[in-house]
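Read the single chain below, which is given as structure tokens and is the form predicted alone.
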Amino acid sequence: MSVQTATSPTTRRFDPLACKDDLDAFRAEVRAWLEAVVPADWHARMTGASEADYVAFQRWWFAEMGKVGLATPHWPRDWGGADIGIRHQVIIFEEIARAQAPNPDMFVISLYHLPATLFGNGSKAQRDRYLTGVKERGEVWCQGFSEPGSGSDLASLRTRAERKGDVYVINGQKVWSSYGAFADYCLLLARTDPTAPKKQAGISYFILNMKAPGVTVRPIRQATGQAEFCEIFLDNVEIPVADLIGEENAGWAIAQSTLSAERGLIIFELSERMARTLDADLAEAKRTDAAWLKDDEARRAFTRAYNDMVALRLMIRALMQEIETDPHMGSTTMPTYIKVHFSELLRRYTEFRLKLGGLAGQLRQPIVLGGGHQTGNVMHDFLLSYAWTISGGANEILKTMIAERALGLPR
């Protein structure tokens, strides 16, 4: 695929991070860069695009973000980031949403889950090798947590890791691994002590090279028609001891750091895109004097969604402030609240848009790859919204955790 980078070529060199001491100038530079670099026709080009074209476009977009330091601005400076604060991150995501820029969804594990895992638990050698690999070479990561038969009971995983000399030999199966078909590496949980008294114990955390002998990846066709999720089969796969993260049998606690990223920071950008969508929908309805503005039930549904969106943004900002104060710990409960709140809001609002679209909105249409949950293809957005009620922990399980651990309610 020939990736045309902008509607009007420019020779100007953009450097938003050089303006970070002046928030207005920082915003102006981010906005100017987005106006120059985001192709005006990218939605059309990615509608019904081939897998190869989607991957090429994702890699191009990630590289463009990296050129101006906006691929990893939230990472600490010592590990390849810009060490920027919450106010700058809010501006970045507000402007990305405003520009309706592509979502670098193929890199979501690389940008959020991997650093959340390695910052506090990885060795220096692991951070140097793998964070650099993401930043400089655009390496793609996936996550190998879920297994067939385990459902949301992650601790019951059965994939085995047996140490033999300088390697661990892995056998088992993972499922629902997003972008596994394109991944270079995988964050893998495996059981190293099947005799441990508690099922959460005896689990270790590994870095898996997806090109290693014995790794087989099989995409899963979803209701949307996409194959974002994959099964991963592991047949006597060898992982060097150097790629064990943390101590052997201590993987469960480390996995909570990974899941915190999925339940909190990753939703930051999505919430800004959602806010933009709700504002745009309301403006369009007013402009066209849409019938739903005169319907009490529809107005109540929209108002509830809008209020929930405002609450979501406030929760995320509170989480970001906690992380600014304590980068490695943050809140132990806020990411769970955020994940549950976001996923239920997303499902309700996509259903609202689907109802407004009537029967015509339910017709199968080509999908905008890389468009996230705001593609405008209301049937696709509605179906995809269900994924968020499962990923990062099923909402039913997380609500039980909130009730018992955060609120202290009886079992």
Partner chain sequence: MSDGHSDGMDLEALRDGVRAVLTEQASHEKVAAFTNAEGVRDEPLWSQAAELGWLALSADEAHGGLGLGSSELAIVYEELGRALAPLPVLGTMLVVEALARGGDAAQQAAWTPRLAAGELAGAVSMLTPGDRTTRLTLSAGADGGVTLDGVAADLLDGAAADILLLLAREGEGLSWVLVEPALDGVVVEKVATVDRTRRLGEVRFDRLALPAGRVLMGDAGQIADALLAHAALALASDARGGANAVFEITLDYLKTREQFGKPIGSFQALKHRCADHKIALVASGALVAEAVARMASGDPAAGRYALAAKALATEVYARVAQDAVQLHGGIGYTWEHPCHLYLKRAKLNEQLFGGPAAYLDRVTDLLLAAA
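Positions refer to the first chain, counted from 1. Values in this document were obtained by computation on a predicted structure and should not be read as measured data.
Unshown form predicted in complex with its partner chain; subsequent notes refer to it.
A heavy atom within 4.5 Å of its partner chain in the predicted bound form is found for exactly one of R304, R163, R158, R98: R304. A heavy atom within 4.5 Å of its partner chain in the predicted bound form is found for one listed residue only; from A18, A403, A25, I390, this is A403. Only one of 98-106, 221-229, 201-209, 281-289 places residue heavy atoms within 4.5 angstroms of its partner chain in the predicted bound form, namely 281-289. For the marked spot (V167, A253 and L270), a heavy atom within 4.5 Å of its partner chain in the predicted bound form is absent from each of the three residues.
Taking non-hydrogen atoms only, A125 never approaches its partner chain to within 4.5 angstroms in the predicted bound form. Mapping the unseen interface onto this chain, R191 falls outside it, with no heavy atom inside 4.5 Å of its partner chain in the predicted bound form. In the predicted bound form, its partner chain sits beyond 4.5 Å of every heavy atom of K135. Its partner chain is not shown here, and in the predicted bound form it never comes within 4.5 Å of any heavy atom of H74.
Contacts with its partner chain in the predicted bound form, taken as any heavy atom within 4.5 Å, map within 389-411 to E396, K399, T400, I402, A403, E404, L407, G408, L409, P410, R411.
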